[in-house]
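Taking the form predicted on its own, here's one chain by itself in structure tokens.
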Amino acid sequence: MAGNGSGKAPVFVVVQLTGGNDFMNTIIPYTSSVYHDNRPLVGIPQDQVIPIDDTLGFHPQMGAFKDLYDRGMVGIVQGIGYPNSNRSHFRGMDIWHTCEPHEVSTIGWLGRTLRELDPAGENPLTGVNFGVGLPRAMAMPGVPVTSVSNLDNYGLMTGIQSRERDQALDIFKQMYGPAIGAGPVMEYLSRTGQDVLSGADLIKVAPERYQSTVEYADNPIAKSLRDVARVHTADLGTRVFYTSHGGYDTHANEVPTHPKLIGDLSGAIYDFFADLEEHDADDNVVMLVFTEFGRRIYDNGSGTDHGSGGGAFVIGKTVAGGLYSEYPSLEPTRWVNGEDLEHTIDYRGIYGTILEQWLGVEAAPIVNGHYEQIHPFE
């Protein structure tokens, strides 16, 4: 096994920040006049930022995250993206999910990964998504994935089970039908759709086995990560977990909205790793937090519009914390389209880093090529 010396199978948790998280207000270039001049409304005052070094700092609501960073558990990937970043949410997220920037694909990068981790599809819990529907990242014909919107009700009553399955499949059809046509969607569902809930009987033991002194907050991302912890500590053989945190499309009202989101995220991730540590289940887990794109350098008087050059986080006990890649240049001559941060590392190289250095899976067939990797594992 690649990146983990515990003898346990390495586990990968993905947290998707849906809507395009504002990277410049997450990892803030707080000494830059360009930052403050271009963000008169949404800019964070220098004296409120939690410093990382003498140029960059965390958003003031990320104190819990800074604690993980100080413990050496957080790798900050600066300037993540890809050439000619697509500003559409749907297409932008699709590109991240499939590693296909030029054509629409039905096959997700984690679907391919799950096929490598469990070639015979023996365990319907090898991949588990918390949320309604199925992220395209995990979709691949013949690869079973269990999708759960409420772990406490899941699989306990046949009515809920069939209704939830129908709802999940309907959402899947609505999401992907317009892009790839009804035929391929129906073919995919006929082969895979019935597996979306096939892990119900297996997974329902997770809440019964779980006890913890960690008290998670009452918000969506905290509940989702608590569910991940409950299934992970039940030792059901899950290798890839997926969940998402919505609301990051901050064109308007960014000043009240973004601090709440990033604060909820920070606290939930802190509690999640505290929970795993309490269960002695934290030494084989790595988390990737990503979003489909960053936001523009200047604010629009209420929020920020779709941009590029975002950021991601690689988090875990085995991670060598610190800054990776380069923060996009704030020099105006370097701005993409005259208004965006440039990308400084390709997201497919970060996927490749996780695949090869953590999960022990060859990256090129999954990410469709060879890309520069980072080295965040001790």
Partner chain sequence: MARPYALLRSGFPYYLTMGQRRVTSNPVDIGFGEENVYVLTRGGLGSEVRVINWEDENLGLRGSGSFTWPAGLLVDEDENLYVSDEAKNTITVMSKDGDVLDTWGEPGSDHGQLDRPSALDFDAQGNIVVSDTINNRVQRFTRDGKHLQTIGGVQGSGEGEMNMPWGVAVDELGFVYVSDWRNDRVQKFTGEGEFVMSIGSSGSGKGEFNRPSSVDVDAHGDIYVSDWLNDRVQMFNADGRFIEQFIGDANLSKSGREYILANQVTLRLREMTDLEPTRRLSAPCRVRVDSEFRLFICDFGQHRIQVYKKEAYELSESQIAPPMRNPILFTT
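Every value quoted in this text rests on a predicted model; they were computed, and no experiment measured them. Positions refer to the first chain, counted from 1.
The discussion below concerns the form predicted together with its partner chain, not included here.
The candidate stretches are 58 to 66, 42 to 50, 321 to 329, 334 to 342, and the one lying within 4.5 Å of its partner chain in the model of the complex by heavy atoms is 334 to 342. Checked against its partner chain in the model of the complex, the residues 100, 305, 283, 118 give one hit for a heavy atom within 4.5 Å, which is 305. The single contact residue among 71, 209, 251, 260, judged by any heavy atom lying within 4.5 Å of its partner chain in the model of the complex, is 251. Taking the partner from elsewhere, residue 150 is found to have every heavy atom lying beyond 4.5 Å of its partner chain in the model of the complex. Contact check for residue 112: every heavy atom lies farther than 4.5 Å from its partner chain in the model of the complex.
Interface residue remark: residue 296 is counted as part of the site for its partner chain in the model of the complex, having a heavy atom within 4.5 Å. Taking the partner from elsewhere, residue 84 is found to have every heavy atom lying beyond 4.5 Å of its partner chain in the model of the complex.
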